[in-house]
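In the form predicted on its own, a lone chain appears below as structure tokens.
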Amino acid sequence: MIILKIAFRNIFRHKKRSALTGLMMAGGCALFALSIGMVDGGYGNLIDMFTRDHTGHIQVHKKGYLDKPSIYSTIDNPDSVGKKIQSVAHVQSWAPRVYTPALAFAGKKTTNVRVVGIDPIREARTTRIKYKVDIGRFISEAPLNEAVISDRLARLLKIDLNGEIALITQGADGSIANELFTVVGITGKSGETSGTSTCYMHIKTAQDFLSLGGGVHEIAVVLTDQALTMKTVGLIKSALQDPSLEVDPWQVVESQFYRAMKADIKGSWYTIVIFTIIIAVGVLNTVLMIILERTREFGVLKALGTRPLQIFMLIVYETVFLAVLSIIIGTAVGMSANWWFHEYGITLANPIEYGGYFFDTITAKITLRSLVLPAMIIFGTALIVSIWPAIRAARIIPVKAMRSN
């Protein structure tokens, strides 16, 4: 117990040096917490953006469709599959979809387009596509020859609201599908993939247009919590028990974005490692200075009968106490910064396109990881760095120590 008291009091013997070392550890802890919070918040918002706007957390397709999309690879009993999915825990809602590439004509303009057939009612419950309509309205609940097109497609075809767009593609029965559709809504850029011109229509209209019958190409699933995605994938597979269907999380569906995200997160960890090394060198330097300045003191302690283990623990305790005080201050500063960025964020004057999505706000997120991990890194670093100087102090020979200057 006496060793603990001496160790705590020794922190305040050289206030300036202790303050400088503590400030370095507290600053590192705060920066780590803010860095982790910004990564979690930034990517959390981006993941929420594309999963809630269109992709969903989980997608169900016919086996092989994701690798090689085909108009013929359909789920022929979507209502039955959807009911089984809805019965799974953590599932909030699901929505069936139909896809096909097509040629779009309006006046003298022509371009390729991605036709997406959606159920207006289920899609509105599942994603935010309905709320991306900036001009006009969303698709009617009844299947009519009307379409909602992306802003990019409207600009390419120079078509306005209530204009007519002609679509030509191949039907599932081998016929040439062609039809006129009235534009009732135009979506903005937010949440739209920048390289794709999209045309939304009622799923029944799309099925008739493509001669698909009741088949769909995809069922998108949204969960109550995206962190439960991998667990829910297994639950849905167990519920479906259909080897002809594939159940994929958003990490597989958006594999390109996911790989880019993991690479960026890996880069941020390199930064944390560099900061940790700098802090470790600073703490090691401070502890070694303590050993050199107090060599005579340690020699006297050993001459009076203090055991080497007690001197070892004295140095370790001093470093640990200083680290704990620094962690408390650093965590408070880091969490305050995370809270501020979570509430107010950083609005970008020019939105950044990342993985095909527009990202205009950077926010932080307060998580258990951002609270605990920085504290563990700083504490562990301080503890490890203190061991070698503590061993050196414990091995001091009293006669030589008391002769030193």
Partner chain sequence: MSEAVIEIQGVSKIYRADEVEVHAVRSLNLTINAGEFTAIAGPSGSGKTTLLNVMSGLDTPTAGRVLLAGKYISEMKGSELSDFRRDHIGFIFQSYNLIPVLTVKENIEYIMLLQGIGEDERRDRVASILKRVGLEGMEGRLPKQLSGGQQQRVAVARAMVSRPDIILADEPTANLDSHTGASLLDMMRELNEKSGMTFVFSTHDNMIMQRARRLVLLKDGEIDRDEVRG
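Numbering follows the first chain given and starts at 1. Here the structure is a predicted model, which means the values were calculated and not measured.
There is another form of the same protein, the form predicted together with its partner chain; it is not shown, and what comes next is about it.
Chemist: Tell me, which of T276, N178, S211, Q310 has a heavy atom within 4.5 angstroms of its partner chain in the predicted bound form?
Modeler: Contact residue from the list: Q310.
Chemist: Just one stretch in 93-101, 280-288, 201-209, 298-306 has heavy atoms within 4.5 Å of its partner chain in the predicted bound form, so which one is it?
Modeler: In the other structure, the partner sits against 298-306.
Chemist: Would you confirm whether the three residues I2, K5 and R13 all fall within 4.5 Å of its partner chain in the predicted bound form, going by non-hydrogen atoms?
Modeler: Affirmative, all three are within 4.5 Å.
Chemist: Even though its partner chain is not shown here, does R9 get within 4.5 Å of it in the predicted bound form, heavy atoms only?
Modeler: Contact with its partner chain, yes.
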